[in-house]
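Shown below, as structure tokens, is a lone chain in the form predicted on its own; questions about how it binds or moves come after it.
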């Protein structure tokens, strides 16, 4: 027998997996040694630690807005807002994440509800946050003393460690959604929180048409010469629906004129950006608005990282992985990492508007982001 034949025979006789290896007394003793010294051999864990592609612990899930708003209204009548509880916010809990109040492993989403005349006390935290208004108006959020109007379709980002409170100056309750990177901060053990004042000053309890941040930053392409330092979070604290709506309509109008400016046929989209550097409005969260024309569909897409969507307006069909739902205004759904998403606007609906927020900036920062689009 040649040397090569001998080596090949020995190789064929070696166990091909750990499961094939005979658990001899010596091997048992080796594993006991690992356990005693708090060690884990890679060959017993590699399938879980290094799968062929992302395998999220979260599942695709849908929350119906009519049920959320009913429970929020019941909470408004039964649960006060005050120091300690801080906010009447009801978090979406992904059913596959062990009861934690997480929409995805990195993203927190909630419906917040404020009754007429109520004030949510001031506090600050290192978690980055935003507010998006799907219906109503009359609440002002006060960030570092700047009073900012909240109305339907408005997007209000707020970087970490900024003082903020809310007050409802209207005669009706108001609801909106909050998005934060709470799960990511919790997992990385990087969170700080601090209580603020018990009450705002009279000069802060005002209701201006435009906040100070808007008066300084809301002019597209024009940067105040006095404000030359880049900011990690957007200094513009309100992105108004009238501007978002116009931008989406113009994309679709240009497409109709023969210009290739949309994501795909009938699919317009805009990303909220930081005017100081053109990057995402928040360091850990990407926020976008998508509009599908009647009968149009998105291209099937999957990517590393998770996202949460809210239907701002219209009706359509959404498919995430192997789950499919009919969605309508206000409904919210979670898209886990590397699960394919497709959305379609119903033929009977003028359009389907989808607000999206995702953890993409985290994965881009560590060069771990990857996306796959089926162009058909």
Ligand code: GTQ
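All values derive from a computational prediction rather than experimental measurement. Residue numbers count along the first chain shown, from 1.
Form predicted in complex with this ligand: not shown, discussed below.
Among heavy atoms of residue 270, none comes within 4.5 Å of this ligand in the predicted bound form.
Mapping the unseen interface onto this chain, residue 204 falls outside it, with no heavy atom inside 4.5 Å of this ligand in the predicted bound form.
In the predicted bound form, at least one heavy atom of residue 180 sits within 4.5 Å of this ligand. Contact between residue 143 and this ligand in the predicted bound form is not found at the 4.5 Å heavy atom cutoff. Looking at 98 to 106, 194 to 202, 261 to 269, 159 to 167, the stretch with residues near this ligand in the predicted bound form, meaning non-hydrogen atoms within 4.5 angstroms, turns out to be 159 to 167. Heavy atoms of every residue among 89, 110 and 123 are located within 4.5 Å of this ligand in the predicted bound form.
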